[in-house]
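Coming up is one lone chain in structure tokens, specifically the form predicted alone.
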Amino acid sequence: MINSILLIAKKEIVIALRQNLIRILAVVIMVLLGVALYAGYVAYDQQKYSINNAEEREREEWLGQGDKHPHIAAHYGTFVFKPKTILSLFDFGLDTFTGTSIYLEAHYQHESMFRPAQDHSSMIRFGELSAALVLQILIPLLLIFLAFPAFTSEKENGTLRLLISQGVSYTTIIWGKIVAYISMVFVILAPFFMITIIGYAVLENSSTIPDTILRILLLLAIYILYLFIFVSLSVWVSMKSSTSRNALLTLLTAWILFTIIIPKTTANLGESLYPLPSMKIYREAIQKDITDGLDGKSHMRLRGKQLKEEYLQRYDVDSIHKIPLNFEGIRMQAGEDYGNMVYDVHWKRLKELFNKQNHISSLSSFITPYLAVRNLSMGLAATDLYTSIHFQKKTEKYRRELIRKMNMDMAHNSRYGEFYEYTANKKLWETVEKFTYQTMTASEILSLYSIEIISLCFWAGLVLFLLNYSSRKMKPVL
């Protein structure tokens, strides 16, 4: 049986190579992959260089800000930058939209700034040309043009009857054609994969992603499975179609639905069902809860009065001047702590909306495998929404630690009523360590995309079932 499968695969490859359309498509795909990979490298190299320089400059400015009051230093603040990951040159993901830096200062939780999408036209919403985009959308189109006549041409030429009469089973013919198409695609993609692996070995010198090799292997496995699904589906449609024209129209319709219509409809559905508040409304709600209290009854003046009474009782004194701490620093940190609590409540609500929108996309991957691969690819490349949220979480933790150090230095080393009279110096600034970021591990990312993994397995199982069932139910060719 294996020899028969290989003979059929060889014949199919020879026939495909005789078709100029396939050659042209293969050249176009290779050129697009090369251009996408080069563009990804240029963007990666430029942004990495800019971010590294900006990080060094911001660190120098923080350490060299001179002697000043700690709370002024807390407002002086600093910028932190999201590092570019080596895999972002393969899949740009949401990096264009999520911003590259965040400004950290007292009292405020700023959103990401300097989004590259702001410098593009509205056409950026349709996506950028990346290697991942070529593999997810254009390679399946090439497979459709390769595989749509898999069975219909055999029927139209009468060769299917000849094969069956010689004792070749439908199962052998199916797998012979699948092996042929997969082999041709791998030959086309082999230079791309080799360049990617060599590029990784040369460029990777960062600890931002702790398990890059594992991620590359997982991406390779996911895309192989994805392309196998498209090949098998194309062969099955050709088997069930009466003519090559019908098979091609069916497959092109499916491709348009899978890669364009369903993903866009899913995104619009998520936005309609779970709309996000505007930034203005979001910030106003946070400020209102900070001022009036989360319960609407504990105004900030009341909280300040209660804090004062608490410290007077704790140290058994009748005046805050007698407290062995600068109460103003304690009050500022208490305000920070309450503001952080309010922010966490609102941020949690916002994340729930993001998660609900993403859940619709995840469930829709059972309708189109493209969504499953797109989400998994962004996740493993560390360019997805979950990674962006993880980065913001780490930067917010860093901001809170920075502000706490400034306020506590003020509380322990100055007297109540002093402000400009007390100054801190570089020794305090150096206690704030340089910000570093490491993404989630591959296993943590995959746990967030369990639905996509299940849906890919579902699609693989579905096409195998369809091929097996149809091969057994095919009637003898007369």
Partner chain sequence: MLEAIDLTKKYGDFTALKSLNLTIKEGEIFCLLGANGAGKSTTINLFLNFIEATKGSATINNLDVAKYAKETKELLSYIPENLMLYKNLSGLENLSFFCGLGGKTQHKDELENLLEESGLQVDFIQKRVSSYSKGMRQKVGIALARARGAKVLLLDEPTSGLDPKASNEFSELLLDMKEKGVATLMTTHDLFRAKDTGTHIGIMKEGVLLEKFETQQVSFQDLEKMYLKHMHN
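These figures come from a predicted structure and were not determined experimentally. Positions refer to the first chain, counted from 1.
This protein has a second form, the form predicted in complex with the partner chain, left out of what is shown; the following refers to that one.
A heavy atom within 4.5 Å of the partner chain in the model of the complex is found for one listed residue only; from Leu464, Ile24, Val14, Cys457, this is Val14. When you look in the model of the complex, the only residue of Asp211, Glu328, Glu154, Asp289 with a non-hydrogen atom within 4.5 Å of the partner chain is Glu154. None of 165-173, 277-285, 380-388, 314-322 except one has non-hydrogen atoms within 4.5 angstroms of the partner chain in the model of the complex; the exception is 165-173. Taking the partner from the other structure, the partner chain in the model of the complex has a heavy atom within 4.5 Å of a heavy atom of Gly158. Within 4.5 Å of any heavy atom of the partner chain in the model of the complex lies no heavy atom of Ser471.
By the 4.5 Å heavy atom rule, the three marked residues Asn3, Leu7 and Gln19 all count as contacting the partner chain in the model of the complex.
Residues of 388-402 include none with a non-hydrogen atom no more than 4.5 angstroms from the partner chain in the model of the complex.
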